[in-house]
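Below sits a lone chain in structure tokens, taken as the form predicted alone.
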Amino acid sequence: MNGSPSVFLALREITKQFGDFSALDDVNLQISEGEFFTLVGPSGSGKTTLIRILVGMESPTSGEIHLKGNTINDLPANKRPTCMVFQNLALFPHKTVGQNVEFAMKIAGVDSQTRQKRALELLELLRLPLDFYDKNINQCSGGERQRIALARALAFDPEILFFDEPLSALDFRLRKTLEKELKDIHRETGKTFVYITHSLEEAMVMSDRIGILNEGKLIQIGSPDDIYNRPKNKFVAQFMGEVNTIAVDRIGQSRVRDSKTGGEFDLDSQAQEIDSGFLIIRPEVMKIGRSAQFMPNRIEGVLFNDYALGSRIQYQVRSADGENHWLIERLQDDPFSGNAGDSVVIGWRPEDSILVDQ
């Protein structure tokens, strides 16, 4: 996003109760016009409930939703300038591609010539052949249906598009392709996208900002870089990918002690001011073997196994007592020349670790 976009959509103290169960708990959020914002969280975290409230399919128990400064809590779904792309797509199987794309325009009373012109423009935007206009939906592949569902949503010309895990049912290769295409389409249209997913990778690839939900609470909001490199707590750090985690107690301004083993480690000078918590070290910043010998923080262990991860190799090192497991990653073209069972030294710089609370 360029410039300083204004607040477009604001949620203030949104709570949703289902009986005694709190699906959302005091959620506050501001989304800018033209932003690609993604809500990420495990199953049951409240993502779908929040999206359903935003599109008008559910009402909050308390709190306010503001769109362009106006409260829309009581505005029906069909009156909101929003559109939802569902996980199951909800396309009409008995209609052609063109009829599906034009559906909202037809309901709105747009004439057939204008509808067809807009539908063909959207097929072109979504990289679908124009002769798909007369093709039956049942003849389209999963990836093609995803594009058609998005074209239908854009035909409505909404101010905000909401996406409820639309790529989750696709195979890996197609999902990777559509992640990039969605980001391109967002850039080309300038629309505000609000996307929900349980996939960290989807969120990292596509989003301007990410919100992490857990048990109905919005834990942290930030850019993909902020969330990944500066997690607020242990849950966010572990949710954002594999990490090495040590429970520690602070014993000085820049020093902590492993609560289990008694080992001591240097901290980054900018570490949080907390007495106890967790030291987080990502596998890609850890060193192994000769490159670890002169690191300020070092641990001795035994090489247990290695795993090929495409362009990277991940090594698992276990402490002598087998209590702690450490993950270290190196590029395939810079492998560690060790064998399972070898004694090894691993290490990291203080500035490559993050001290977080529970």
Partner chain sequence: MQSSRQGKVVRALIVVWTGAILIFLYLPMLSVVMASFTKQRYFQFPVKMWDTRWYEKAFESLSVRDLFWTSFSIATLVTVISVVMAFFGALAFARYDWKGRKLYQRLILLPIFFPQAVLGLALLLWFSSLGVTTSWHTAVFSHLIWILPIVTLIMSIQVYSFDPVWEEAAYDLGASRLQVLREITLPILSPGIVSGAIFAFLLSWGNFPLSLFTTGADQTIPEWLYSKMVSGYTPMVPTLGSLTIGGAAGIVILSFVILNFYRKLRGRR
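Positions refer to the first chain, counted from 1. Computed from a predicted structure; not experimentally measured.
What comes next is about the form predicted in complex with its partner chain, which is not displayed.
Partner contacts here mean any heavy atom within 4.5 Å of its partner chain in the model of the complex, and among 96-104, 247-255, 123-131, 211-219 they occur only in 96-104. Taking the partner from elsewhere, residue 302 is found to have every heavy atom lying beyond 4.5 Å of its partner chain in the model of the complex. Not displayed here, its partner chain is approached by residue 84 to within 4.5 Å at the level of heavy atoms in the model of the complex. When its partner chain is considered in the model of the complex, residue 52 lines it closely, a heavy atom lying within 4.5 Å. Put simply, residue 136 is close to its partner chain in the model of the complex: some heavy atom of it is within 4.5 Å. A single residue from the set 285, 90, 169, 174 has any heavy atom within 4.5 angstroms of its partner chain in the model of the complex; that residue is 90.
This chain is displayed alone, yet in the model of the complex one of 110, 274, 77, 205 has a heavy atom within 4.5 Å of its partner chain; that residue is 77.
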